[in-house]
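Below you'll find only one chain, the form predicted alone, shown as structure tokens.
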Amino acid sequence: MRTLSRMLVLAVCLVLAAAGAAAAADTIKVGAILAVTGPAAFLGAPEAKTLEMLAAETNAAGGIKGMKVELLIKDSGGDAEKALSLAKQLVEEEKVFAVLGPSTSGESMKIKQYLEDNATLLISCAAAEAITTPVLKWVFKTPQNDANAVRWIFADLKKKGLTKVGVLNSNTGFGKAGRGQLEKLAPEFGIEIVIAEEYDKAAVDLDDVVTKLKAKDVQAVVNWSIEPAQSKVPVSVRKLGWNVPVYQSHGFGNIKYAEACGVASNGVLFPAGRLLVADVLPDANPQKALLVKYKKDYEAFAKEAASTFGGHAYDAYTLLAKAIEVGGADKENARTALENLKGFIGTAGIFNFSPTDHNGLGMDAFEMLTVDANGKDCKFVLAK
């Protein structure tokens, strides 16, 4: 009798174990580390909403190759040390298939080697070229490179006959990396950086540093940051009665930054992807249909205007989904599939990855945009 009972218990355990294995095989865990709160929340919050929207759509449609997506979003608050701790939690405890994000360059730089050492895909939503240069086997990113953003700004300055600029940057990974690219590429375009100043990412008033630039009589101001402090730059320039062009980086691609400037945002220039001007693109543009659909879906889901940052998360998620479709639920095969993906239409551009390029975007991923704040509302338009 005792032997029979043991056999029954063993049989039940085997059935439960088989059921658990089947359930695990039907689900794929995807981790995300995003700055949902904190100074980079204008980036991380739309990224999180985008991923939630996409995971719900995927699961409602039956999953990826029949596997439901279990999305685990962790809020880093924009803190690099916390991002590393969350990465370890996702990899070692949650056993995720891949990690999407982080939102900022500093966080991405902090965790990329850990993901590389643990053979787990990282698809960053941050822009610094240093995230994917030099190339690491398991590390990719979706935003356009900061070096190409710099080239667009310098080319525009040169077209206007402006050669002497003042540079501002926040004291973050993104800000420092952008300043490095500005200083590196200026000679190539015949641009002289007369003065460069760094400010704290939490600054609420930039009159002092802008005053220093004005004293040098520069012909334009170029600012590099992704925090709300960047909205203070045009405000200070106009407050000081200074009528020079103000350029922002591609980290200005959320209308909330322009709205925070008020009328001072009018005429601010910045390179960005086409999502922000999707409605006016010609119908023949290969990105238009995707951009219009994402914008419409996101704004219905999140009840707010779409931004380039949510677009970066859209690209990270859909690229991962495609890699799993091609390579299956094997990490190495999916990584190889992603690395060889060509002609993939995303919000930031058309991705063409290779073993030597884990960003996959070129100069053609940008347009020069400006802010029209003359009317009742701020809006982004193509610069003429």
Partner chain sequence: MSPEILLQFCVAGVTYGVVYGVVAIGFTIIYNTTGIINFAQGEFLMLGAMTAVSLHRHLPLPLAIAGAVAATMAVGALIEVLFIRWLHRPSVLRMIMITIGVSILVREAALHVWDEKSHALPHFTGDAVSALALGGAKISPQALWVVGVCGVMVLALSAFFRATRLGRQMRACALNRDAARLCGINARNMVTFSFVLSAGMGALAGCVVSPITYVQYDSGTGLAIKGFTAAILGGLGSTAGAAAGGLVLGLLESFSVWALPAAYKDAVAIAIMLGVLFVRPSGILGSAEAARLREH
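Residue numbers count along the first chain shown, from 1. In this text, all values refer to a predicted model and were calculated from it rather than measured experimentally.
Missing here is the form predicted in complex with the partner chain; even so, the following discussion is about that form.
J.: Could you tell me which one of Leu71, Val218, Ile255, Ala264 places a heavy atom within 4.5 Å of the partner chain in the model of the complex?
T.: Answer to the contact question: Ala264.
J.: Just give me the single entry in Ser85, Asn118, Thr211, Thr133 that has a non-hydrogen atom within 4.5 angstroms of the partner chain in the model of the complex.
T.: Comparing distances to the partner chain in the model of the complex, the residue within 4.5 Å is Thr211.
J.: Looking in the model of the complex, is the partner chain within 4.5 angstroms of a heavy atom from every one of Lys288, Asp330 and Gly343?
T.: Checked in the model of the complex: no contact with the partner chain for any of the three.
J.: Of 139-147, 107-115, 256-264, 308-316, which is the one stretch near the partner chain in the model of the complex, taking non-hydrogen atoms within 4.5 angstroms as near?
T.: Selected stretch: 256-264.
J.: Does Ala284 make contact with the partner chain in the model of the complex, using a 4.5 Å heavy atom cut-off?
T.: Although the partner chain is absent here, Ala284 would stay clear of it in the model of the complex, with no heavy atoms inside 4.5 Å.
J.: Is there any non-hydrogen atom of Leu338 lying within 4.5 Å of the partner chain in the model of the complex?
T.: No, no contact at 4.5 Å.
J.: Please check if His250 has a heavy atom lying within 4.5 Å of any heavy atom of the partner chain in the model of the complex.
T.: Close contact is absent here: in the model of the complex, His250 is far from the partner chain, nothing within 4.5 Å, heavy atoms only.
J.: Given that the partner is absent here, does Phe42 sit within 4.5 Å of the partner chain in the model of the complex, heavy atoms only?
T.: Yes, Phe42 is a contact residue.
J.: Where, within 102-123, is there a heavy atom within 4.5 Å of the partner chain in the model of the complex? Residue list please.
T.: The stretch does not touch the partner at all.
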